[in-house]
Every structure is written in C-alpha cells, then in structure tokens.
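Below you'll find only one chain, the form predicted on its own, shown as structure tokens.
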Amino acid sequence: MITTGPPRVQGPADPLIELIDVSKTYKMGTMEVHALSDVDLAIHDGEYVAIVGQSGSGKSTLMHILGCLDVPTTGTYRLGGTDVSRMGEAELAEVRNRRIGFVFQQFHLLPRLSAWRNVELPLLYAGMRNRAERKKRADEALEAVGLANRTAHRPTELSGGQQQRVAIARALVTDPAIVLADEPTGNLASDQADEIMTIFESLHTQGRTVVIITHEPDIARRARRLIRLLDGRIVASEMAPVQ
C-alpha cells in the first residue's frame, strides 16, 4: 500500500473547490472563443473526480483554472473558501506551489537531474533551505510511489511509467491539498497506465483529493465521480460505476 503520511481528516461541508458561474473567453483577433460558459462545480475534500470530454470540450481550460494557471473571465473560483479568481500572479504562484500538486502527460522532468532532485524542486521554490530535509522529503515521496531504489536515476534511465511515478512524487512532496492530473496516462502502455491509476486510487483511499482530466473512458471510470464537459459546459455529474 502506498502511504504519504497519516490519513487526512475530512473537512467541513463547504467544498474544497467551488466554481460559481465561471466563464472563460479568449480573443483571437476580432473573434471571441468561449472556452467555458457558466460553469458551476463543487468538489469536496477527499473526492476522486474525473473530468472528461473530447478535444475542444473545454476540459484543458477548466484544468488551467482549477490549477490556478489561469483565471476566469467572469465568475468566482474559491479554493478552500478563498476566492482565487482575482488573485495576482504572485499570489497564484504561491497557491500553485503549496496547495496543488500537478501531474502532466509529458512528465516535465529535468533530464540532467536525478529523480530525487526533480522531486525536491517544489521545496526549493517554496524556500526550503535545508538540503538534508529536502533530500529526506524527496526520498520519502519516491518511496511512497515505489521508487525507493531509483532515487539517483535520471529520467533517461527510467521507463515511462517510472518517470510518471517521479512526477507524482514531485506533486506530493509539498503535501498539497489537491493532486491535479492532466491526461496522466496518455503516454503510457496499458500496464503502466494501470500502475499509475492504482497510485491515484491509493491516494484517494488515504483521503487525498484527486482530480484527473482525461478523454479516456476506461481511465475516467477508475474515479468515483465523473464530470462531463461538452462545448464549454458541464452536461453531467454522476457517480462512476462500481468496479
């Protein structure tokens, strides 16, 4: 079983993530593209949610807003009760570093750095100066995803599944409130994808909030709730079938 510390205590009834009437419009010359329209969404602490939709449905835009990589054109986004929809870039960067752990399809590991040095980067960005403590935290995160014997390996010495495990360890090392994964199995073979999804399921079992963005139905069904997007709108929110 994968462990990253003591189980989290469920929070109050208020949502951890709350979007209220959120829209996002991009200007392309004289044209306006409505990527999201009037989105209302609530995700509670400890939920395991998959946001699904085909290309152009708005799920990437929604992911950017949930991850504080972008802000709504209109509407409100509250994270843990705090309105982040009107924060400045410095405040958003602080939220991204301390409250959200990101996992991407492309891994985004630095090829010249070992696994543990890739994992320690968020701690460096957070201002942790004690190198020994950073190493300890990084090693613990890598052990949690089954890579205790690969901490000194560089990305080129690891399989795709192992690289994604490093990316998950990096996402966990600051103990974020939310793990936000964007197409985390998109570059993996089916057996490696299954291993990665097992990790997310274990994180959910521990009480961690996990949000996965995907277009793959089989991956989405591994979550506990499905949010379906179409043309920038949420068209369904349903519990996933019991596996």
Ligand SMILES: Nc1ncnc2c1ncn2[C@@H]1O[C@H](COP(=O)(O)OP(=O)(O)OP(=O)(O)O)[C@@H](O)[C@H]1O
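The structure displayed is predicted, hence computed values, not measured ones. The numbering used is simple: start at 1 and walk along the sequence shown.
Only in words, not in the display: the form predicted in complex with this ligand, which the text now covers.
S.K.: Which single stretch, out of 27-35, 171-179, 184-192, 198-206, brings residue heavy atoms within 4.5 Å of this ligand in the predicted complex?
M.R.: Contact criterion met by 27-35 only.
S.K.: Within 4.5 Å, heavy atoms only: does residue 58 come near this ligand in the predicted complex?
M.R.: Within the cut-off, so yes.
S.K.: May I ask you to list the residues of 216-236 that have any heavy atom within 4.5 angstroms of this ligand in the predicted complex, in sequence order?
M.R.: Contacts from 216-236: none.
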